[in-house]
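Below you will find one chain, with nothing else, as structure tokens; this is the form predicted alone, and questions on how it binds or moves follow later.
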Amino acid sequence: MGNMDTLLRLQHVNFLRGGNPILQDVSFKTELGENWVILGPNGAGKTTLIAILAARNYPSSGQAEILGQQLGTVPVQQLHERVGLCSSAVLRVIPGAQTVKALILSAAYGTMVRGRDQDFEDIDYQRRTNLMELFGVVSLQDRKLITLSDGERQRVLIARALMADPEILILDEPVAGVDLQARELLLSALDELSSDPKSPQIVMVTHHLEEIPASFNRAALMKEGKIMANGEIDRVLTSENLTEAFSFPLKCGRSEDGRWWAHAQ
């Protein structure tokens, strides 16, 4: 057993798909109090990496430890309750005809922690209300999921993932394809979430620096299935590193409010 504060740990992880290396010799770990952004061009292996971190996929070789449990040695369902995943794949398995409030509440079901079948308790309803307020979806609670815009749906899905009170929340491009207002609403909710010590660790994938919440303190930069740099966000996100990761001359920085930007040099 490693350090109790280590939440995720990959050691020499490789992942092959159809004989092609998607991840190559990836070693990576996250500690308590860290919120991570995983950044890199399309095809760098980001989505595959987080599928393993979220216990939705197994490495072809190497070791993955999630919340102190080695992947492959415990029932994967146990890990799914402790690691929330929000990705476009989640949408495919969610009934679109369900109302927002039913959808969020139902995520409290099936959590082994509570060990009950049917009855929701006051604490569940209260948690649902708090999450709907945090993500600004109270006014949407009676709407069906299929009637929502991408930005609204995204906020509902994150609230849903948090309903089960996970220790880690993994977000795969949470603001992809949403408009500016939707992006800013979501980012301020994530900032608020990450500033609360009781909140889960957040690991977020993106390829746009503008989509990084200002409060995030760690970054991993991926290129061609490898992690080329990771650690403190200000040390990792440099013009030099980005230029190398994206194979294109880029310049990046932070504005006074802590938000990141990047453009061609």
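Quick note: we count residues from 1 along the sequence shown, nothing fancier. Computed from a prediction, not measured in an experiment: that's the story for all the values here.
Below, we refer to the form predicted in complex with a small molecule, which is not included among the displayed structures.
**Residue stretch of 41-49, 193-201, 232-240, 61-69 approaching the small molecule in the predicted bound form, non-hydrogen atom distance within 4.5 Å** = Of the stretches listed, the one contacting the partner is 41-49.
**Item:** Distance check, residue 252 to the small molecule in the predicted bound form, heavy atom within 4.5 Å
**Value:** Output for residue 252 is no: heavy atoms all beyond 4.5 Å of the small molecule.
**Request:** Determine whether any heavy atom of residue 12 comes within 4.5 Å of a heavy atom of the small molecule in the predicted bound form, and answer yes or no.
**Result:** Heavy-atom contact with the small molecule at 4.5 Å: absent for residue 12.
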